[in-house]
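Below sits a lone chain in C-alpha cells, taken as the form predicted on its own.
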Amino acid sequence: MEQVLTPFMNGVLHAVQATVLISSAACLLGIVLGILLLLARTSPVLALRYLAIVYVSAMRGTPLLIQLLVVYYAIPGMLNITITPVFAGVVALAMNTAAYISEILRGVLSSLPSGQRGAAFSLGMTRWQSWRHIILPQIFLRALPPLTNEFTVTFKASSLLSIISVSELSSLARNVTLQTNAPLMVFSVCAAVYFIMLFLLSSASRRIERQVQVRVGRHD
C-alpha cells in the first residue's frame, strides 16, 4: 500500500495547489465575464441582449468537455496559434461558469427594488455610476452564497482538465494509476482529497450564507 500511495502523496500538494489556483482564476475571470453578460442582458441595445441570451444558452446547453476541447484544439487550429493547456483550461472553465454566474446575478437583480435605479437617475447618476455604486454592491452581497456554490462546481469541473494534460489532482491520480496499476486505491484516495477540500468549501459557504442573511436582514 505504501509503495502504491507514495507517488501520489509526493505530488498531491502541487496538484492541489494547481487545482485551487486554476479554479480560482477561472471563477474570478468568470465573475468579470458574468458582470459583462449581465450588463449586456439588461442593455437597452437589443442586439447585445440577444447576444447575451445566445451565449448563456449555448454555454449552459452544451457539455463542458466539448467546450474545453473547442477552446484547446479547435480555436487555436483555426487561428493557427498555440496555447498552453492551463490557459485553455482556465478560459474554458471561465467561459462556462460566466454563463451560470450571469444568471445568478440576474436572479438577484430581479429581487432588488426597481425604484433604486430610478432614484439614482434622479440624482444625476449615469447608468454606469448607478451600477457601480448602488446596484452591483447589493447584488454581490446577496449573491455570495450561490457564487460560493458555483465555485465548488467549478472546482469539481476542473478535473476535466486532465483530458488536455493539465497537471491537477485527477491528472496526478491517473498518472499514478498507470505507474502502480492500483486504480481503486489511488482514485479512492484522490476522491477523499476532493471530499475534504469540498467539505471545507461547503462549510465556508454555509458560514458566508449565515452572515449574508444577517446583513441583508439589517438592510431590509
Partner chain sequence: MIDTDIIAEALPLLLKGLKVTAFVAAVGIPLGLLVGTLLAYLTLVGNTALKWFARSYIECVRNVPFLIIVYFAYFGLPKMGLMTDAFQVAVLTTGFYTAGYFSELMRAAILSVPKGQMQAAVSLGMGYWRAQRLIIFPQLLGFLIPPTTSLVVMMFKDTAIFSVITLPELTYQSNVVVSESFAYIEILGTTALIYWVSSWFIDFAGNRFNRYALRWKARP
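Residue numbers count along the first chain shown, from 1. Values in this document were obtained by computation on a predicted structure and should not be read as measured data.
Heads up, the form predicted together with its partner chain isn't pictured, but that's what we're talking about next.
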| said: Looking at 102-110, 70-78, 87-95, 137-145, which stretch has residues with any non-hydrogen atom within 4.5 Å of its partner chain in the predicted complex? | reply: 70-78
| said: Is residue 62 near its partner chain? Define near as a heavy atom within 4.5 Å, in the predicted complex. | reply: yes
| message | residue 187 versus its partner chain, in the predicted complex: is there a non-hydrogen atom within 4.5 Å? | response | yes
| Wondering, does residue 17 line up within 4.5 Å of its partner chain in the predicted complex on heavy atoms? | no
| task | Answer with yes or no whether residue 58 is in contact with its partner chain in the predicted complex, where contact means some heavy atom within 4.5 Å. | result | yes
| request: Give, in sequence order, every residue of 180-200 that has a heavy atom within 4.5 Å of its partner chain in the predicted complex, or say none if there are no such residues. | output: 181, 183, 184, 187, 188, 190, 191, 194, 195, 198, 199
